[in-house]
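Quick setup: one chain, the form predicted on its own, written in structure tokens, and binding and motion questions come after.
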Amino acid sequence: MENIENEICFLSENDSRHAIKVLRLKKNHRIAIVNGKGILGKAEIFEANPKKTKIKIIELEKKSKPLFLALAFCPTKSNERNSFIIEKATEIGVTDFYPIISQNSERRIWNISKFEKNLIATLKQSQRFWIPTIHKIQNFNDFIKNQDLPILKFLAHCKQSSKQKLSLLVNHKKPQIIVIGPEGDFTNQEINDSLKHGFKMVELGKNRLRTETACLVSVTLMKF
């Protein structure tokens, strides 16, 4: 929630309803709140109202920002599957999402607002303190030229070429990013262009994985 650093503030209508109607919290009950920007607050319910619960902040704690762990992927045709990717990758610890459009992309339109509510709900459920950033959708060729990407940047594809196991290259103590392609995979030209811009080609195993599975397998290997 916003304005967490004020002594007195209010829960949103959704959070108020959940706290009062679902959790059955009442006046003087203690709760923990986050603002998605690294602040954890301990608060006490001042006025229990299912539409606008008033709370009093008792203590604030600043949490350090997590190490950069990014997932770039070509969105699938199904927004349900895209939501699944963002939700589960957020639980695992991804800090940045880069939706990209490659030559074989199935979806070329991306509405960030569809996924922001999922991020907030997942943030609270997974007890994280910093909300991930969903970047604007961009063309693959523009994305790989991004000078702000970390040194450890990997691209997974299914073609028969020189690749290394992702598990042998990751370092969870350093900033990292993985790129996952569309169901039709990256083209040879896209792979060659990625190599020229410092991406390491990786494989995730012998089985061919769907986009959402590849996303979650890769970020799990990079996180832990």
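One rule holds for the numbers: they count along the sequence shown, beginning at 1. None of the values given here were measured: they were computed from a predicted structure.
What comes next is about the form predicted in complex with a further copy of the same chain, which is not displayed.
Chemist: Please state whether all three residues Glu87, Gly205 and Thr213 have a non-hydrogen atom within 4.5 angstroms of a further copy of the same chain in the predicted complex.
Modeler: Yes: each residue has a heavy atom within 4.5 Å of the partner.
Chemist: Heavy atoms within 4.5 Å of a further copy of the same chain in the predicted complex: which stretch among 104-112, 133-141, 88-96, 147-155?
Modeler: Going by heavy atoms within 4.5 Å, the stretch is 88-96.
Chemist: Does Ser126 reach a further copy of the same chain in the predicted complex if we count a contact as any heavy atom within 4.5 Å?
Modeler: Yes, Ser126 sits close enough to a further copy of the same chain in the predicted complex that at least one of its heavy atoms falls within 4.5 Å.
Chemist: Using a 4.5 Å heavy atom cut-off, state whether Thr220 contacts a further copy of the same chain in the predicted complex.
Modeler: Yes, Thr220 sits close enough to a further copy of the same chain in the predicted complex that at least one of its heavy atoms falls within 4.5 Å.
Chemist: Within a 4.5 Å heavy atom cut-off, is Met201 in contact with a further copy of the same chain in the predicted complex?
Modeler: Looking in the predicted complex, residue contacts with a further copy of the same chain do not include Met201, since no heavy atom lies within 4.5 Å.
Chemist: Counting only non-hydrogen atoms and a 4.5 angstroms cut-off, does Leu209 reach a further copy of the same chain in the predicted complex?
Modeler: Yes, Leu209 sits close enough to a further copy of the same chain in the predicted complex that at least one of its heavy atoms falls within 4.5 Å.
Chemist: Mind listing which residues of 65-80 have a heavy atom within 4.5 Å of a further copy of the same chain in the predicted complex?
Modeler: Only Glu80 sits within 4.5 Å of the partner.
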